[in-house]
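Only one chain comes next, encoded as structure tokens, the form predicted on its own.
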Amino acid sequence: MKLSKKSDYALRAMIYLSMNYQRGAVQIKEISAKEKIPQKFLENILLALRKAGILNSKMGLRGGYELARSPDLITLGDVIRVLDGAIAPVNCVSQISYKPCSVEVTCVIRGVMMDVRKAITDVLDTITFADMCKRVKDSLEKKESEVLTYAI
């Protein structure tokens, strides 16, 4: 599995929205500037996530995008599937876009690819955006302590 640029940007935007969850709607131009994501590309990504029910949008002066539900109820896998589709490395092990191959019954590679798919989805479907917020905060705290160590 290779993460597309679209999913990479979507995950970064979702982390930003999750970090600002209590604040409410955030404008696209703010997310674009803070996360260094091209604004037009981001508009398409956020629209896809809104259509999938992951985001809500608000019009008007205080408009923008916000999470449709709490960050602890949205996983990385939820977002990646909206933008990239199936997570499986090959179609014959996909749960979403399954297509049999000609030697599926005797193929030993398929068994390994099923294990790969399971390992990937076990991670992506259990890590939430609340978990990602915690990782961001932990990373910032670590950087602060490193700066303090060097300053002393």
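The first residue of the shown sequence is 1; numbering continues from there. All of these numbers come straight from a predicted model, not from anything done at the bench.
Missing here is the form predicted in complex with the DNA; even so, the following discussion is about that form.
This chain is drawn without the DNA; in the model of the complex, the residue among Ile127, Met114, Cys107, Leu47 with a heavy atom within 4.5 Å of it is Leu47. For Ser57, a non-hydrogen atom is located within 4.5 Å of the DNA in the model of the complex, even though that partner is not displayed. Contact annotation for Gln27: at least one heavy atom lies within 4.5 Å of the DNA in the model of the complex. The DNA in the model of the complex is not approached by Tyr16, whose heavy atoms all lie more than 4.5 angstroms from it. Taking non-hydrogen atoms only, Glu35 never approaches the DNA to within 4.5 angstroms in the model of the complex. Although the DNA is not shown here, in the model of the complex the stretch 38-71 places heavy atoms of Pro38, Lys40, Phe41, Glu43, Asn44, Leu47, Arg50, Lys51, Ser57, Lys58, Met59, Gly60, Leu61, Arg62, Gly63, Gly64, Tyr65 within 4.5 Å of it, in sequence order.
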